[in-house]
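Just one chain follows, in the form predicted alone, and it is written as structure tokens.
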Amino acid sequence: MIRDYLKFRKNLISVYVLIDIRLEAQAIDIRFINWLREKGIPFSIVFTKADKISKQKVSSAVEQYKKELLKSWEELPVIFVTSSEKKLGRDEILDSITAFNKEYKTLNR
């Protein structure tokens, strides 16, 4: 159901894929991310709950995902690391949404 929505949504500018940074790369997440790429659907990865683990583990988890994706990708998607409690990554995501909104308005004039 979600795949049909994403494939056929004509005014879709980008998707944010939320991933709990505390978990190892999950096969289902990798398959979904690869599907988005195959379908040409623009997306960013948003790692959540970065406040729940150490900075070193955050860095290691992000690198693990990058390494996994680079097995079959030449270029990585945009990646955000976030924490709702500490507001980490908040401004970066809001800036991204603002840029997409401007792009959308430009395309639909």
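These numbers were taken from a predicted model, which means no experiment stands behind them. A residue's number is simply how far along the shown sequence it sits, counting from 1.
One more form of this protein, predicted together with a small molecule, exists but is not displayed; see below.
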item	value
Contact assignment for the small molecule in the model of the complex, among Lys57, Lys66, Lys52, Arg37, heavy atom within 4.5 Å	Lys52
Proximity of Ser84 to the small molecule in the model of the complex, heavy atoms at 4.5 Å	yes
In the model of the complex, segment of 44-52, 58-66, 73-81, 25-33 with a heavy atom within 4.5 Å of the small molecule	44-52
